[in-house]
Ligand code: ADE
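Next up: just one chain, as structure tokens, the form predicted alone.
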């Protein structure tokens, strides 16, 4: 009933990723049909990159998954999925904990993660050498000399890190920066379609997506390791992400202590 009331309240903004507690778990609401946003539906492919699909035109089932470009901060307090107490400065700009930060914060509060888990993560992140960050890996350009009609063919090879678990996978992909020169590392959480829930809290049946359909995924003690895998992904994505995540974990630890 609590989840139903929450969904009704937010029905006018189905594109938003919403994070809230649901009993002893953390529930994430994800849009299925916002193909240009942070959440997309893909079909599993051998290369690990996935094939984008039109969710309303194919029956979504065991061969499909949701790719969620997860974040951990936001520059304002407009989202319901923030932790306003997690406030910090980066390059002169105020940031607030968001999405992953809220998942971790609520996980500690509900006992899904322990403070020892956070301490262990901080210790791991501190030991990652600079040359291990994905953003430091070179982008390779392979030029082919035999191209048709005088054109030269070139293939750009970008490194991608992936960790597969029984609950889903986590990927780190390099993308070109939109407002600057170079590349930046993005973290994606890939959730199997057969592990997401429908509006009634049941496993979603194989079917095309309905207009403005949303689905749900629960983080609990059973899949707490996936939360830590997401933390690890940000930790090796870039030095900036590593430092930010350490700061956020430390702040949550401080708030959790009596």
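Note that the structure is predicted; figures quoted are calculated from it, not measured. Residue numbers count along the first chain shown, from 1.
The same protein also exists as the form predicted in complex with the ligand; that form is not shown, yet it is the one meant from here on.
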item: Candidate from 185, 103, 83, 113 lying within 4.5 Å of the ligand in the predicted complex - any heavy atom; value: 185
item: Sole residue of 69, 229, 63, 56 within 4.5 Å of the ligand in the predicted complex, by heavy atom; value: 69
item: Candidate stretches 103-111, 85-93, 151-159, 70-78, one within 4.5 Å of the ligand in the predicted complex by heavy atom; value: 70-78
item: Heavy atom contacts to the ligand in the predicted complex at 4.5 Å, residues of 223-245 in sequence order; value: 234, 241
